[in-house]
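Consider the single chain below, provided in structure tokens and representing the form predicted alone.
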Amino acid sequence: MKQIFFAVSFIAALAVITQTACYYDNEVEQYGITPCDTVAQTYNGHIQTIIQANCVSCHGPGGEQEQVPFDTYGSLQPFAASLVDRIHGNNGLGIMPPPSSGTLSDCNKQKIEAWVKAGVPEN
């Protein structure tokens, strides 16, 4: 009798554990993470906002780096290829924006990379 009770208890416990042990859900619903949309990035549609918020205070009129202006598409375009290296700090010149000014989110870095890979489209 004890063996039957033990067997039934074991099977019931196993059933409960296997039904609750695995929880399949997607990251967005589970953690609130929104995927980074890097499709069809353009200067006017996406990149300008990132640059204005993070770069123009230094790379614009009156800024410390105004000789390397980023305040318009035409002024940023010649530097676009090196921009990816600078946002990752890969060229020995330091990371941009400097840590004291804050850093770009990983998503914004991915958007800039996608924009450069696409040929720096304006619209």
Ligand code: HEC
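These figures come from a predicted structure and were not determined experimentally. Start at 1 and count along the sequence shown; that's the residue number.
Just so it is clear, the following notes concern the form predicted in complex with ligand HEC, a form of the same protein that is not shown.
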Worksheet item: Within a 4.5 Å heavy atom cut-off, is residue 105 in contact with ligand HEC in the predicted bound form?
Response: no
Worksheet item: If you check in the predicted bound form, is residue 79 within 4.5 Å of ligand HEC, heavy atoms only?
Response: yes
Practice prompt. Mark residue 87 yes when one of its heavy atoms lies within 4.5 Å of a heavy atom of ligand HEC in the predicted bound form, and no otherwise.
Written response: yes
Worksheet item: Using 4.5 Å between non-hydrogen atoms, is residue 45 touching ligand HEC in the predicted bound form?
Response: no
Item to complete: Sort through 38, 75, 65, 49 and report the residue having a heavy atom within 4.5 Å of ligand HEC in the predicted bound form.
Response: 65
